[in-house]
Every structure is written in structure tokens, then in C-alpha cells.
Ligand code: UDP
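Below, in C-alpha cells: the form predicted on its own, a single chain.
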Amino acid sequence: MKYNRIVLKLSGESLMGSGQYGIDPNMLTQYAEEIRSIKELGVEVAIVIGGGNIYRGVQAEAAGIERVQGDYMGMLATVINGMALQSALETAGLYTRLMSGIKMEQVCEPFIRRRAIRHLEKGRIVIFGAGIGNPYFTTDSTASLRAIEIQADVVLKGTRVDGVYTADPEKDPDATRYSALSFQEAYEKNLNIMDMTAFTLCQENNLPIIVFDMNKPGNLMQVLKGESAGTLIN
């Protein structure tokens, strides 16, 4: 196995499935099965999930809600998604812990770095909810920061497309996929992989990122085995 400890970044929108909002139980089940398949090989798995299927801080501004308030509302949405994913993983027979950047003891543990690492060493899947606990930071930044803190080998960014392209493949039929990029190349080409805070954190700490299609069954396993199933940025 190429990577022993990973942070898997999932978008909240991916949980909608074919719906317009909310959580599709079929997507939860599919993700739980994919994660179980790699857990059975002994990989230590931490997960960061967005909240865009429930709430977005950016949309809140348009509705007249101030940015900070909207961001906190978005953080709570990630906890709801984390609880749903936790339930699906436990139904699949996996042990999990949900850790939050905001204290809410009745629902999840507060994030403590050493405790998170201990959970991973004991074979539990750790889900990081509520971002880093501060407004103005995305869940991409959360994934990067938490990965550095727990000394993960890689950040796996699961998306709807199978990697990073020269242009948006959903709009441009001539777009071609990069198999690998350096951080510098990605920056110079202005490729929208992660927000700049998240991207810079990875670059400065030599933490590779792999962008891949999480919705295609078996792709997660391929990525972990080092087979070409996405775009590697390092």
C-alpha cells in the first residue's frame, strides 16, 4: 500500500446524489463501502467533509447574513454530515470517532491532536467536523491543516471528476487531464484545485494532494495502491 495514513476530503454536495440538497442514503452507503474496502487493508483513515449540501456561508451573505455568522452555520452543517457519515460507517461495521473544532460534547469529541492520532493508531476512523473552529477558513483548509497535524501521508480530494484538467471537462470537450503536477505548475497555471490557504499549507509542508473521482466504485482503492486514478500534485 502506497499510503498508510490519509485524510480523505469529501464535498458536502457529493452527498446529495441526484437530489438538489440534503443527504442521499445511497451515497452514504456507497462511501461507507469504499472506505471499508481500504480500511480492511490496514490504512489509517481520517475524513473531512464539507457542508455545501446543507448550508454555505457564501450564500448566506447574499441572504443578508453576515459572513462570520454564515461561516459558523456552515460549520454546523459539516457536523450534521459528519454524524450521517459516522452512522453509515458504523452500520458497515467500522469503528469511528467524530471530532469537532467547536465544543459540542453531547455530539462529538473536541479536536485534540494527540487523541486523534491515538484513535487512528487504534484503527478507528476519525471524522473532523466544524472546520478548524474559526470563520473564513474552508473545509479544504481544514483537510490540509488536520493532515499536517496528524502527520498524514497524503490528502485525497474526492470530487465528481477524475482529476485536474486543462479546463472544466464538464464545459470543454477538449480538456485534457494532468496525471501529475508540481505545486508550482498548478499555481502558475492558476488551476482551481483548492483555495490558496489550503494549497499553500500543503506546499509548505510537502504534503501531496491527489484529486480523483470518488463516485466511481474502486477508485479510492486504486489511488491508495498508487495506480493512476487521478492527478497527483506534489
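From 1 onward, residues are counted along the sequence shown. Small disclaimer: the values here were computed from a predicted structure and weren't measured.
The same protein also exists as the form predicted together with this ligand; that form is not shown, yet it is the one meant from here on.
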Though only this chain appears here, would S11 touch this ligand in the predicted bound form if you measure heavy atom gaps against 4.5 Å?
-> yes
Partner contact for N134 in the predicted bound form: this ligand, 4.5 angstroms, heavy atom = yes
Within a 4.5 Å heavy atom cut-off, is G82 in contact with this ligand in the predicted bound form?
-> no
Contact test in the predicted bound form: S144 vs this ligand, heavy atoms, 4.5 Å = no
This ligand in the predicted bound form: contacting segment from 72-80, 148-156, 91-99, 119-127, heavy atom within 4.5 Å | 72-80
